[in-house]
Structures are given as structure tokens and as C-alpha cells.
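Given next, in C-alpha cells, is a single chain: the form predicted on its own.
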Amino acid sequence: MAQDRAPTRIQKKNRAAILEAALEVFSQHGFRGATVDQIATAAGLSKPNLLYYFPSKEAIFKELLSGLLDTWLAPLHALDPQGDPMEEILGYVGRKLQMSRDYPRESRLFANEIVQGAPRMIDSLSTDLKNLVDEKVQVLEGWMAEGRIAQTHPRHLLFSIWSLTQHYADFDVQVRTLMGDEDPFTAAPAFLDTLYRRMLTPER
């Protein structure tokens, strides 16, 4: 049957074009503000052609979110319980900041979904994300108990890292307007390194 055949080169190209266009449209307008017509136009396809690949706006959005969550969780997965605590945490901060620089549209897409109550992501948030955070919180608490980093609330520590790194993507226009000609990512790594290093260095 036709649907059992491997996708052709053109089909792969069109699917990729649709997802790229959808990322741009959704990141600008959110799920509610985006339309299939906007996505089709951005992809250079007709609306019927787009609907051949994806039956609805919802299907396109879910496809994007599925890949996005894996990308978003990767930096936290990489936090190594066997590594040096300070360097592992600062490395995580650096990876999150780099993601904001490299994937600003993906960050805004994620933020828009969360602001709307995460109707299409709540299952993943309550399973994949929560399980990973629970695992890494145990690692952080272990380091704190050993006196290798200062005592602080581990979940709020993670929330603060997300806030201070993803802000550069989610509020890109505001940040760049206030920074003027200076690239905000030039000084941000050193600033965040100093901030977290001072906060997490145990008192002797």
C-alpha cells in the first residue's frame, strides 16, 4: 500500500520545509495565533499540499514539540553525577545559554506552550521532565550533603538556571534593544559563571 512505502526525497523535503516554516510561525504567533495558511505560505506549499503531510495544525505542533523536548532535556541529561559538582553545574548553565543562542525559536515555542497551560505537553512534563528533574535533584542534594557545593534549594536552583538562560531567547527583542550594539551573549557566560560559582561555593 502507498502509505507503507518509504517516503521519497521530495516527501522528506516537503515535510522538513513544513516543520521549519511551522517553527517560525508558531514561535512568532503561538499555537492559537498561527494558522495552516500561514504555515503553508511560509513553506512555499499550497494548503491542500500541506494537509497531505499533516492533517491539522495540531499535528504539526505536536511533531515539533516531540523533537523539541528531546533537545531541551539533553543538557540536563548530560549533568554527570561522577563529575566535579561545580563544573558540572556551570557546564549545564553554559549549555542552556548556548541553546538560547542557537535555538531561540524553539525556546519561544516551548515558552508559549507553557504560558498557555501546556495542553499539548502536560503528559511529557509530568513524566519525562519530572522524572529527569527528580533524578538530578537527588544528585544535587548528594553534592550538598557532602559539602561539595553550598546548601540551596535544588529545584529552585534549576528554575533559576532556566530563567536566567532562556530569558535571552524568549525576550530577545528586549535584551538586544537594551544592549545596543553589544552582543548579549558576549558577556553573559562570564556573568552567569561568576553568579553561580559565588552562590554555590561552600563557606569554609
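For every residue, the number given is its place in the sequence shown, counted from 1. This structure is a prediction, so every number in the text was calculated from the model and none was measured.
Heads up, the form predicted in complex with another copy of the chain isn't pictured, but that's what we're talking about next.
In the predicted bound form, another copy of the chain lies farther than 4.5 Å from every heavy atom of Ala16. The closest non-hydrogen atom of Tyr52 lies beyond 4.5 Å of another copy of the chain in the predicted bound form. For the chain shown alone, Gly67 is not a contact residue for another copy of the chain in the predicted bound form, no non-hydrogen atom being within 4.5 angstroms. At least one heavy atom of Tyr168 is located within 4.5 Å of another copy of the chain in the predicted bound form.
Contact with another copy of the chain in the predicted bound form, defined as a heavy atom within 4.5 Å, holds for exactly one of Met99, Met86, Ala111, Leu79, namely Ala111. His153 is the sole member of Lys62, Arg148, His153, Lys47 with a non-hydrogen atom lying within 4.5 angstroms of another copy of the chain in the predicted bound form.
The partner is not shown here, but in the predicted bound form the stretch 176-191 reaches within 4.5 angstroms of another copy of the chain through a heavy atom at Thr177, Leu178, Met179, Glu182, Pro184, Ala187, Ala188, Phe191.
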